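Okay, here we've got a single chain as C-alpha cells, the form predicted alone, with questions on binding and movement later.
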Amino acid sequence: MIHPIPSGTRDVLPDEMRELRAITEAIREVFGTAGYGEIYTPALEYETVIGRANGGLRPAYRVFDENGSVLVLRSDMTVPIARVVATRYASAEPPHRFCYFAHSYRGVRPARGQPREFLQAGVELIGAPAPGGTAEALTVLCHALDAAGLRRYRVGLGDATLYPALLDSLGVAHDKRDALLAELARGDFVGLEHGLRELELGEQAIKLLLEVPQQRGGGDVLHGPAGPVADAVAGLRAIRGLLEPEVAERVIFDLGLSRAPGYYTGAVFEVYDPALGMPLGGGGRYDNLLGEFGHSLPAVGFAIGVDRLHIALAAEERL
C-alpha cells in the first residue's frame, strides 16, 4: 500500500540526513564564530502578532486553539525574531545577533513542485544600520556558503526602494504599483512594459522605468542620474567599500532586484548558483519591521534554503 504525504513535503532518509547535517554544522560554526547566538521560536504564532508585519508573507496555514484564537504556521523566521526582540530584549543594548536553523511553511501550487515545508539557515542582525550592518550580513552569508563547500555562487545586490522611488518621482499612483512590482519581481519585462504603457506615461518615463531595472553587473552599474537612481547606487557603493575583497568579488549589482515579502526597506540580495534555476537564499534590510512591534531598530538578515544548497553542492560534485 502507498500512504501519501501532503504535496510539497517529503521524507528525508538517513543518508541524505547525514549530508544535510554536515551542511548545517559547517554553517553553524561560521555563525557562532561571527557572534550570532542560535535561537528557536514556536512554529505556531498568533495571527494577530504576525499580522503586524505589514507587507509580510500572508500565512498559508491556520488553526484554532482551545480559546478560539487563530494560530498560523510561520512563513519565515524574521517576523518571529522581531517579536522576540521587542518582548525579550526591549531594554538590552543593541546590536543583537541571532542565527537559526528552522522549518518554515508556505502555501504552494502542487503542479509546480514547490516546497510547502522547507529548512532554512539564517541570521538576523538587529540594531546595526546601513551600510555597516549590511556589509556584515553579506560577509557572514559568503563565509557560510564557503564553509559549506559551494564554489560557483554569486550574490545579486540591489535596493528594494529604488523602483518605488522612481514611480514616486514620475507620479505613478500607489494603487497602480502592485501589478508593476509583481512583474518586476518575476523579471517579466514584457509584462512590465505593457503595464507601464497602460498608464499612458511619456516615452522618456517608460524608457527610464524599463532600462534602470535591467542594469546589472560590476562596479560600472553604480552610476546614474540625480534622484532615486543616484541615491540607491550611492548606498550600494558604500556597502561595496566595506566588503572584504573575497566577498566583493562574489557580488553582482542588480538595480532591478526585488524580493518578497514587502517589508524590505533598502539593500536586498539573493544567492545564485548555476545548478539551480532559482535563488538558493537571500535577504535584505527591514528597518521598519521592528517598529511594528513597538521597538524601532534598523535590521538586516538573510536565509539560506538548506535543501537548495544541498542540490547545488551535489551538482558541483558531479563536475
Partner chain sequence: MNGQRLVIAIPRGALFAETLDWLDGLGVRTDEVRANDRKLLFSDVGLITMRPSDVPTYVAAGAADLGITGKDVLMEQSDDAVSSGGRDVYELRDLGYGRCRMVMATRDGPDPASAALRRLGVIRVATKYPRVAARYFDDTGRQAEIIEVKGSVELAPLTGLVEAIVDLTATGTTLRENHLVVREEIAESTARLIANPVAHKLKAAAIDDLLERARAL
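Small disclaimer: the values here were computed from a predicted structure and weren't measured. Positions refer to the first chain, counted from 1.
Just so it is clear, the following notes concern the form predicted in complex with the partner chain, a form of the same protein that is not shown.
- Query: Contact between P279 and the partner chain in the predicted bound form at 4.5 Å, heavy atoms?
  - Reply: Contact with the partner chain, yes.
A260: touches the partner chain in the predicted bound form, heavy atom cutoff 4.5 angstroms: Contact with the partner chain, yes.
Non-hydrogen atom contact A43 with the partner chain in the predicted bound form at 4.5 angstroms: Because no heavy atom of A43 falls inside 4.5 Å of the partner chain in the predicted bound form, the answer is no.
- Query: Taking heavy atoms and a 4.5 Å cut-off, does H103 contact the partner chain in the predicted bound form?
  - Reply: The answer is no: H103 has no heavy atom within 4.5 Å of the partner chain.
Exercise for review: Please name which of the stretches 161 to 169, 133 to 141, 182 to 190, 237 to 245 has residues with heavy atoms lying within 4.5 Å of the partner chain in the predicted bound form.
Suggested key: One stretch meets the cut-off, namely 182 to 190.
To verify the annotation, which of these, V70, V49, I252, A34, has a non-hydrogen atom within 4.5 Å of the partner chain in the predicted bound form? Answer to the contact question: I252.
| Among L222, V108, A147, I206, which has any heavy atom within 4.5 Å of the partner chain in the predicted bound form? | Exactly one residue meets the criterion: V108.
| request: Would you give me the residues of 147 to 164 that have any heavy atom within 4.5 Å of the partner chain in the predicted bound form, in order from first to last? | output: Heavy-atom contacts within 4.5 Å come from R154 alone.
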